[in-house]
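One chain comes next, on its own, written out as structure tokens in the form predicted on its own.
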Amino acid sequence: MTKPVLTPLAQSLPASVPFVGPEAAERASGKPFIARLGANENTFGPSPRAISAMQKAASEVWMYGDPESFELRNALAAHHGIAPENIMVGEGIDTLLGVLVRLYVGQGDAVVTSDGAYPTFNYHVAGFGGELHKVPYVDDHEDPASLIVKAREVEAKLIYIANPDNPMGTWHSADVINQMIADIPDGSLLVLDEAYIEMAPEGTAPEMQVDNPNLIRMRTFSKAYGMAGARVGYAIGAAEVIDAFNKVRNHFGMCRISQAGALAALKNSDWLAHVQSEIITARETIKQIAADNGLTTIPSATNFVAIDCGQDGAFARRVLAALLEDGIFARMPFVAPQDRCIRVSCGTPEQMDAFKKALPVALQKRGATAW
């Protein structure tokens, strides 16, 4: 009896995971991490109101979630001053990106991104047979002008940029992004990933432009709202762009517990302000820890900080490995020259103390001496 055969595209792809989870690393080491600072999770946690709402919703989990996320979409619309028709809720930005690529990218279609930018987007493009075209970072920033030039050159269906950026934490002003939006080539859709926008300085986010069919923005409850495990993201765009999601999305993908938590979190602005303050403090702490060890940091508008280890990627990987050995989970950029850095998420005072103790030991193990 013959088995079913994978499609030629599926056969051509390697089995891969864009990010190895901390749980897998813990299983490999045989011990739990002391400080989980590698996944850009918000260790300050979700709003107490969100926790309470999710606890209540847990008793109702025998029911499916609302396939239209009606209440949450309407609350988000009021929050942003737009119409519910301009919002699509999904299981995190990762899933929304996958649906978006499925809608617009066929075999051989060109997609433009930065070399070293968010790898999950690339994973989706490969999965639907798209052809990735990459441009380099400039001074540790994604380069909007180069992305637009490349998009024109290859007639890209999608152009991806994250602002603020992952993995470097850098950002562009709204004026720069607005110019990029104005320069979008005909036939292209700009994917503006704003997962970290709530942590960025005033003047980073452009005004809403929901009448522009060449722009889609991605937001999430995973970062500033502290709900990474609940998987709640949303897209903002022109009504016809948003409505296209209904052609192929998983209509019952949203858990009602997650929907309830996100709705409560959105209404608790005081907790968001508290988290924003904690992140600012933690960024300064990471900067000081790096300086105490003779290292510099990249200015960040996110809940993580890239620390320049001062040498090449091979050295940074050795430092990262030493941190992992000592129970500190961190990550690093994948592509040179950004891979000279390690990336450390903002953590609680206890986690920051653990990192402070581990970093000089890791540097000494790998042949560097702290100042």
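Numbers follow the displayed sequence, beginning with 1. Just so you know, these numbers come straight off a predicted model, no measurement behind them.
What comes next is about the form predicted in complex with another copy of the chain, which is not displayed.
Next on the checklist: At 4.5 Å between heavy atoms, only one of the stretches 131-139, 80-88, 201-209, 97-105 reaches another copy of the chain in the predicted complex; which one is it?
Outcome noted: Contact-bearing stretch, as computed: 97-105.
Checklist entry - Closest heavy atom of residue 308 to another copy of the chain in the predicted complex, within 4.5 Å or not? => result Contact with another copy of the chain, no.
Checklist entry - Can residue 217 be called a contact residue for another copy of the chain in the predicted complex at 4.5 Å between heavy atoms? => result Answer no; every heavy atom of residue 217 is more than 4.5 Å from another copy of the chain in the predicted complex.
Next on the checklist: Taking any heavy atom pair closer than or equal to 4.5 Å as contact, tell me whether residue 46 reaches another copy of the chain in the predicted complex.
Outcome noted: The answer is yes: residue 46 has a heavy atom within 4.5 Å of another copy of the chain.
Item to check | another copy of the chain contact at residue 334 in the predicted complex, heavy atom, 4.5 Å | outcome: Taking the distances in the predicted complex, the answer for residue 334 is no, it never comes within 4.5 Å of another copy of the chain.
Checklist entry - Does another copy of the chain come within 4.5 Å of a heavy atom in each of 145, 150 and 301 in the predicted complex? => result No, the whole trio is out of contact, none within 4.5 Å by any heavy atom.
Checklist entry - What is the one choice in 239, 263, 184, 295 with a heavy atom within 4.5 Å of another copy of the chain in the predicted complex? => result The option sitting close enough to the partner is 184.
Next on the checklist: Can you work out which of 172, 267, 157, 287 has a heavy atom no more than 4.5 Å from another copy of the chain in the predicted complex?
Outcome noted: Answer to the contact question: 157.
Next on the checklist: Need the contact residues for 237-263: heavy atom within 4.5 Å of another copy of the chain in the predicted complex, sequence order, or none if there are none.
Outcome noted: 240, 243, 244, 246, 247, 248, 249, 250, 251, 252, 253, 254, 255, 256, 257, 258, in sequence order.
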